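One chain comes next, on its own, written out as structure tokens in the form predicted on its own.
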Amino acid sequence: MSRKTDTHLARALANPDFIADFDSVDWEALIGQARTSDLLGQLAERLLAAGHMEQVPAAVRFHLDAALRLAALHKASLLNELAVIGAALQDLGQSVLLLKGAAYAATGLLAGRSRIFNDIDLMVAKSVINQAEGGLFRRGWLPTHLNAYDQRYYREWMHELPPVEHRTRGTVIDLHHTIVPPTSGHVPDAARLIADARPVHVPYCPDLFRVLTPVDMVMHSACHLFFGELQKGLRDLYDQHCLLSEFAAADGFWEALLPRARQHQLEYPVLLAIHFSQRVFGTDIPDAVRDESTRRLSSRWTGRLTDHLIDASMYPLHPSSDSSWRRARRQILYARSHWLRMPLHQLLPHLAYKAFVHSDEQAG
């Protein structure tokens, strides 16, 4: 009889030896979970790096090889897009930060290898964000979310402008001026994040693009995951696992991580990242950091409830790993994500608009 399958993907990513005695049911669950989690390319990368591809049945190998080819095309496309973006933003007179998947891929980090991403996230100083948006418009990107309410929602309340989409290639760009919504009550020092960022080489774009420092990159990844809706919880947590594992060797990384997060009022998502990375993927966390994380999280009165809810988002949306109770908890997490991003006096009208006015506009 096949083993329980609901944690197959997380276990295979953490330890590729786990697949050694898989049967057809196991493989079907693993590939299905990886595909629905946008982790098929990274699973293939892990198995290839561990020398396990020869053990994979031919029918399964087909899917893994295809995922690797698709990921390679995505990276090539990214570099081409960055060249065009660079031309659009070269007159800003300031650096442009690559965030999330674009940053991981451009710097060759483990988190970016064979990773699929649907948009390109950029960050500039708020003082030049309108100028940057205009530069993108002139190079063929068009605004989305055109109704007045959505425009106000993004421009007054959020940490980014409405996404823009290229009129012919369909490339989507999210243009940020900070890393969390100002309405969340957390106010990281965006100017410091930009000032401390490090240059990254992108062909045809000399001295334009930068990426966050390792500590800040982990901090931003944690914010994106734990202040968001956790729709791709396992994929984003795997980013965290890769970042923490790779940056662990950098001098002073662990000593700086939590103090830097406190400085930017973002300790909570970083604590959650440490906790869940270790739990789900067995990330090697220094004892002192792990103990401090556990102590600080357990001191929060919502600690156990939050832990239980977030746990549901770490299972892929696949029949082999999903359940009605996990789906119910994810609905609560969806409401939680809005609560974390907006105060009640803004949240209630916003949810009412989305539930009634916006749904009517879409139906019409």
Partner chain sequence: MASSSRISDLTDTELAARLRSPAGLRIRLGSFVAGIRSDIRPVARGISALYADFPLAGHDEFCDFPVELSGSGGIRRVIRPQAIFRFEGMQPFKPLPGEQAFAMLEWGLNWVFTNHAQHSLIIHAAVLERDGAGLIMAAPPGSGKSTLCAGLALRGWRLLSDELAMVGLDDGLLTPLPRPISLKNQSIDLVRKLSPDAVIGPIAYDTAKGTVAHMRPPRASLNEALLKVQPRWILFPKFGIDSPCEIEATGKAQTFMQLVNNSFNYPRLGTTGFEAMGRLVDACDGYTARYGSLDQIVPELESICSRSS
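Numbering follows the first chain given and starts at 1. Keep in mind the model is a prediction, meaning the values are calculated, not measured.
Although it is not shown, the form predicted in complex with its partner chain is what the next lines describe.
For the three marked residues, 241, 248 and 250, no heavy atom of any sits within 4.5 Å of its partner chain in the predicted bound form.
Note on the interface: of 41-49, 306-314, 64-72, 292-300, the segment with non-hydrogen atoms within 4.5 angstroms of its partner chain in the predicted bound form is 64-72.
Looking at residue 55, you'd find every heavy atom of it more than 4.5 angstroms from its partner chain in the predicted bound form. Among residues of the shown chain, residue 334 is not one whose heavy atoms approach its partner chain to within 4.5 Å in the predicted bound form. For residue 59, a non-hydrogen atom is located within 4.5 Å of its partner chain in the predicted bound form, even though that partner is not displayed. Taking non-hydrogen atoms only, residue 35 approaches its partner chain to within 4.5 angstroms in the predicted bound form.
Of the residues in 308-328, those that come within 4.5 Å of its partner chain in the predicted bound form through at least one heavy atom are, in sequence order, 317, 318, 319.
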